[in-house]
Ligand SMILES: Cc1ncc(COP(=O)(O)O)c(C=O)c1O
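Quick setup: one chain, the form predicted alone, written in C-alpha cells, and binding and motion questions come after.
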C-alpha cells in the first residue's frame, strides 16, 4: 500500500535529460526565425502530424511559451477586440477570461454540463447578442466539449470558434483530435498537464497557415519577412510588422517536448486505465460521490479525474492526513471572480451548475506512474471517510 500519493507527478526520464543537455551544449537556446532549423520548428512539424485526422491533413502549428500566450495571440490573429463579446464557460481557469480582457473584448461566461463540466450548448445559444464575435469551448480535464451543437450555433450566427484544448491534448471528439474542429486550437504543456515539456509551453494549431504564421510573428516581437530580409542586407531598414510580444518557447523545453510527444499516447492510455479503475472501485463502494461523465462521442484523455462531493473540505482534510494529496480547480466561477463580478454584473445564482461545481468538485490523484495499489489506497480512504461519517451521525 502507498503511504503518500501526490496530486500529480511529471514524468522525467534519461532521454528527456539527454535532449535538454544536447541543446545546452549546442549554445542555441532561442529560435529567432520561423524557418530556421531548430527544436521548435521540429516540434511544430511533429505536433501538426500528431493532430492530423484520418484524412491525413496536417495542421500548421506555432510553438509558444505557454497556453495563455496561445489564447492571447489567437484572439489577436483573428482581430477580436474592443466591443466584441466572446462566450466562455464559467467553470474554467481565469486565463480564458484574462486573454479576452487583454485584447479589449468582453468574456461572457455561461453555464456548464453537470457531468462533463464543459460548456452547455443551450446556455451558449441563449447568451448570443449582436456583439457576440466568437465562442471558446474548453475541453475540461481532458473531456471534449460537445462541439457539434456549438459549431452549428457558430455557423448560424457567423461566429468564430477557437478551442481551448489546453487540458486535452490527445483527446478526440467523434474520432477527431480536439483543437482541430474550430478555426484554431490552443494547447498547453505544463507540469499538471498530460505533457509538461519540463517547464511551461504552449501552441496554436490551425489549417489556416497565414493566421498561424502571424501568431508566431507576434510571439517573436512581430519580426516578419521584412525584418528577416533586412538582417541579411545592411542596405535595408530593420522593421517590425506591428507591436509584438516575447512569447517564444526555449529550444531546451522544445527538445524535451519532442520526446514527450512520442510518449503521450501511451501516457494517455495509462491515465485512462487508472480512471477506469477509479470508476470501478468507487462504484462498487456505493459512495455519495458523483463521478465525471464520459459521453459516447468522447475519447477522454483524463488530465484530471474530478469527482463531486458535498463534504469536500472534510474529505480533503481526511485524505491529506492519510497521505493523499487532492486539488480543487476553479473554486470561484469566472462571473464571481474579482475582476469580473462588477464588470459583467452576473449575480450569484445565475449559473447554478458552475456555482455548485465550485463548491463540490475535487481532483483525485491521477498520473501515469501510479499503480493499481495507489488507486485502491485512495478509494479505501474514500470509503473509510464515509464510513466514519456514517458512524458519527448515526
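Keep in mind that what you see is a predicted model, and the values were worked out from it rather than measured. Positions refer to the first chain, counted from 1.
Separately, the form predicted together with the ligand exists; it is not shown, and the next lines address it.
Taking the partner from elsewhere, residue 200 is found to have a heavy atom lying within 4.5 Å of the ligand in the predicted complex.
For residue 92, a non-hydrogen atom is located within 4.5 Å of the ligand in the predicted complex, even though that partner is not displayed.
The closest non-hydrogen atom of residue 188 lies within 4.5 Å of the ligand in the predicted complex. Heavy atoms of residue 167 reach within 4.5 Å of the ligand in the predicted complex, making it an interface residue. Note on contacts: among 71, 77, 110, 86, the single residue with a heavy atom within 4.5 Å of the ligand in the predicted complex is 71. The single contact residue among 100, 257, 138, 124, judged by any heavy atom lying within 4.5 Å of the ligand in the predicted complex, is 138.
Of the candidate stretches 260-268, 114-122, 277-285, 200-208, only 200-208 has residues whose heavy atoms lie within 4.5 Å of the ligand in the predicted complex.
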